[in-house]
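A lone chain, given as structure tokens: the form predicted on its own.
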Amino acid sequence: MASYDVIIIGAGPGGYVCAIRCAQLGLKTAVVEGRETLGGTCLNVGCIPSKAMLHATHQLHESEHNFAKMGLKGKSPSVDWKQMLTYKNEVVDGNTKGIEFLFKKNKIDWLKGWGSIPEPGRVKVGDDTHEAKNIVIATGSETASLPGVEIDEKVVVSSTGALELAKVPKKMVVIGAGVIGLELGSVYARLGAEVTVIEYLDAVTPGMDGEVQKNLQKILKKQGLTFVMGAAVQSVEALKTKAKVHYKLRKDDSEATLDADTVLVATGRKPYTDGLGLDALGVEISKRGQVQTDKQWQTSVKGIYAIGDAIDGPMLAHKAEDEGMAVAEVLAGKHGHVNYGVIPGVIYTHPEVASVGQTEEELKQEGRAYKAGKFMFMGNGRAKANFAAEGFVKILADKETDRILGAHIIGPMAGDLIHEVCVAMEFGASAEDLALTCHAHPTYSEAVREAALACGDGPIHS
């Protein structure tokens, strides 16, 4: 029986990052993973492959819409779907092999198979039982479907099946206008599919800044996506090669049906803890299926910790990574900390959307006096040159102290731009601090500075 300081169950972004940090801090570490490859949902069937597809189809979009304007003449490329999937798989392969290399480099044992916890301090993988002073649950999440909707990964697919379709569908219905639905919906819209998004609520990307929501929906409409808002899907009838989606409009209870070649179910995700044996151990689980933890990420059972999608909070790879590093610090007798107020969220449509901190809606609800500085990308020289001038940067700051409370960006490279605001917020910076920092010209980042200036005496270029 092998004995470890820590065994982590799950090799997704939370688990593998936790393992590497544990090993760096001198702990004897093993990771249990039942997939053939490391990296979890994110690397294998989530963030990474979807970004590859978004990149490829964005290049196609540019060639069809902007190349000629720049004097790049010639026939638009045709889509070799098989090759596009090969490219996506190669991207995934390169990343997962990279993590295998990091495990070897850091002397982390990969216990191949699915794990369970028969008792505190023990992890069972296949027929073998291993001892561990500490156990970290990093088992992630799985697709949450709707009643009356059965996923077969052929006609009715989750994000996993959507990345492996045999061919580009003529008609696609996406259930859910969240991050996954809009990203994959825009991939297939660029590839020529007729995409209809059905959303239960009245706005896309629930929980995001209201102005960003409206803008994003307007831009995606222009890109060819159709939206049916305030609609509750009743059922999906899967025929051999097609499907019928039955939905009801919330405002008047009227019913309608949509035909589709492929239906993508993008209604969110739920914690995946099946088979771990948590009930028998007495580990507390919330009504929503989340493992309950204290401020040190320890569960109700001493020596068993949990991180990432399996616990409360936004289901984001980078949130899981932060928790993984923090737990490693705790296990090594140091101080682990995650600032949950500064966790950015990004949507990789085109333009990208990124946010951090509070929204205007939240600040109003709180009764907090704030000021909003806004700058349109139309006033940014680099964005105009690159046919990327849609959208804006909005910075929210405390009315009295000028401390930055949040930022919301829709525009080019928003996912990268948001991080200077994250760093500023970590240091408790004011909007003026950001406004007085020299930004290179011409860059997209100048739009962030202009929004910060707009919190004071006003931007220069608008």
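Residue positions are given as counts along the sequence shown, with the first one as 1. Predicted, not measured: the structure shown is a model, and the values here were computed from it.
What follows is about the form predicted together with a small molecule, which we do not show.
- Residue heavy atoms within 4.5 Å of the small molecule in the predicted bound form occur in exactly one stretch of 333-341, 227-235, 296-304, 187-195, and that stretch is 227-235.
- Highlighted residues Val6, Ile9 and Arg122: none comes within 4.5 Å of the small molecule in the predicted bound form, counting any heavy atom.
- Gly181 is the sole member of Gly181, Gly373, Pro169, Gly115 with a non-hydrogen atom within 4.5 Å of the small molecule in the predicted bound form.
- Contact with the small molecule in the predicted bound form, defined as a heavy atom within 4.5 Å, holds for exactly one of Ile175, Leu220, Val291, Ala260, namely Ile175.
- Under a 4.5 angstroms non-hydrogen atom cutoff, the small molecule in the predicted bound form has Tyr348 among its neighbouring residues.
- Although the partner is absent here, Tyr200 sits close enough that one of its heavy atoms falls within 4.5 Å of the small molecule in the predicted bound form.
- In the predicted bound form, at least one heavy atom of Thr267 sits within 4.5 Å of the small molecule.
- In the predicted bound form, the small molecule sits beyond 4.5 Å of every heavy atom of Gly277.
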